[in-house]
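Taking the form predicted alone, here's one chain by itself in structure tokens.
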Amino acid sequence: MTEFKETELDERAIKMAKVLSADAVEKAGSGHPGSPISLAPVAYTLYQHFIKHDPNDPNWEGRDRFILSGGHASLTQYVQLYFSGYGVTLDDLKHFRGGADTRTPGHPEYGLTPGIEMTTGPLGQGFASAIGFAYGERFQRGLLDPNTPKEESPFYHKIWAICGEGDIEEGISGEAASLAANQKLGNLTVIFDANRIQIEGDTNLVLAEDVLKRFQAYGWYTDEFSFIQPDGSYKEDIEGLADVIAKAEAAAPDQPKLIKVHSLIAWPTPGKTNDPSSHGSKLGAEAVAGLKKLLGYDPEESFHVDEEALAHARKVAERGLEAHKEWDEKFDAWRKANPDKAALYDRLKAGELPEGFDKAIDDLEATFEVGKGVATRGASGSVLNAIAAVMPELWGGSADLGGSNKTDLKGAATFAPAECATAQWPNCNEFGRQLHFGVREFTMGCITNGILLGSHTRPFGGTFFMFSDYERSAVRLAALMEIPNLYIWSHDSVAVGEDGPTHQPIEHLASFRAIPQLEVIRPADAFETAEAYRYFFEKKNTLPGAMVLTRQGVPVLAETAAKAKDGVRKAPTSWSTPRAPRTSSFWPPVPRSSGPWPPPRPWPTRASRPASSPCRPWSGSRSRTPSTRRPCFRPPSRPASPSRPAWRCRGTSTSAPTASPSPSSSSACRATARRT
């Protein structure tokens, strides 16, 4: 990073970013123009001067990651992607919020637009998942290059994020910020755009505390910079902003950083600056014309491009190529010096399972005793530990319920700085694989999402099924992004009766099965549990999965011992004579030894065979995403066009775009979720 001096061309590029944002929302007829207009100088400074990136290769391993937590301000990022040369075109900006075929939707979508690291929109989740990106960077670096000073390692990178008052107001940001400080995530910098405006007006009504002091109490490094001058004038001093960011990086190498930037929303739009109406509605023709006049643009012309300023901004791609070349040299040297680690990296990047994965599960299954009562949460813990022995990229933990969820990895160091050690967890290491989230289910879901998006590792997170409600929004986002997060939810159903109704998940199974692209897995016994894990890691799609597990012991069945391996992944496992099958994911799936069989109504009087269906989408699955680490997902309703060519998603930069799931896949799977 060199000293940043603003030029006339920088100023012209920022003005163009403001005008393009206003024009895009005006043409769309809806959107959030205010923040992209006032954030233009901030985003421009980050993309041009601080973020290490190569627009020619959006999937470059050595790049920094940028997350726009306030996804409603998506034009902030789209314009910078256009300026940087990511392949986002002027036509894409013209088709902002343009329906099924747009590459610039109202909120950023992972896998749709090159340069977008994650889907954002639900406020606070981008902030929390940015912390997960930092978790993933550190753990992966520990797997591959633990002994090199971090800034010299090819696997070190920084995470940058922009958030606003809405993100800060969401409780998830506070939960996650507390963990980030504990973990000393010094490679994370968040710019807090404090424009004091939201849809209902001045934020002082609902956000009156000193946010910086709150984050200081968490343990963050904080600073602030204001475009609003003491005399009331307004100056977008990007040199001064760059100095504050550079100072923070130098002063706090081991602390996450929050830099508050005081701004006026929509500045300098006449009649709309600092006005709530500019937050979530188009500015109107008169206001847009006034903005253009103030910035030296023809008010009658839309989407004007200052070609000289654009060419200046696109020089960032040349700097990116140079940074990429330097990284390649460092990476090649690492590869030659570490052939075993290089082989591990190649396997992780390819999304391949390690040798010994199947044997680990087979050996464990050989210890199961038919007829013995085993809680599926216990079987789950045994499987996790068995595969963890051969799968170093597997790591995770629980929201303060590790012993109950059986998510503790035996002998594993805790992922935390050494000074965090406690009497219960004395072995803390910055590269440990045992995660502890505290009582923060939502944060756990967001962080594990970020880990998946920001690394090639495989996290998991556990809690009681009842408390999955707190995690639901992160689960839904994982399903939208098609990332293979693994949720371990124990203590299913009314079988936890002595805890009372607050701990009995009654409606949860149906409600999670209703989430498109979430695979809910409810194994009947230890064999089905083991095979469910086997298939979850082997399956060709990258959809998230939720293991729903019992607290109470359930019998280990001879029938599943014989049939679970094929039955879990292909069709309901059935017993008795074949006639009308009755699929069931209730416990026990076969009659107990006592009592009549067939039982009295409400079971049908006709002959039937009970059948176990641990995951109904698996049983009725259609062809889905091909076998890639992350899907190149373009919904079938979003075809490429000459002006909007298909783009490869991150993780597939050397392969052609892969096929989309069939339009009927989701509905077909979900249709089987009703009880039969």
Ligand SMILES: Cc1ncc(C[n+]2csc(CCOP(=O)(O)OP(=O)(O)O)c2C)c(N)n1
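The shown structure was predicted, so the numbers you read here are calculated from the model rather than taken from an experiment. Heads up: residue numbers just count along the shown sequence, starting at 1.
There is another form of this protein, the form predicted in complex with the ligand, and it is not shown here; the text below is about that form.
In plain terms, the part of the chain that comes close to the ligand in the predicted bound form, with a heavy atom within 4.5 Å, is 166-174 out of 246-254, 478-486, 460-468, 166-174. For the chain shown alone, Leu123 is a contact residue for the ligand in the predicted bound form, at least one non-hydrogen atom being within 4.5 angstroms. Although the partner is absent here, Ser613 sits far enough away that none of its heavy atoms falls within 4.5 Å of the ligand in the predicted bound form. Taking the partner from elsewhere, Ile265 is found to have a heavy atom lying within 4.5 Å of the ligand in the predicted bound form. Shown alone here, Asp193 lies within 4.5 Å of the ligand in the predicted bound form, counting heavy atoms only. For the residues Ser382, Gln198, Gln434, Thr113, the 4.5 Å heavy atom test against the ligand in the predicted bound form is passed only by Gln198. Out of the listed residues His279, His456, Lys158, Lys292, His279 is the one that sits within 4.5 Å of the ligand in the predicted bound form by at least one heavy atom. Annotation for 37-72: the only interface residue with the ligand in the predicted bound form is His72 [heavy atom within 4.5 Å].
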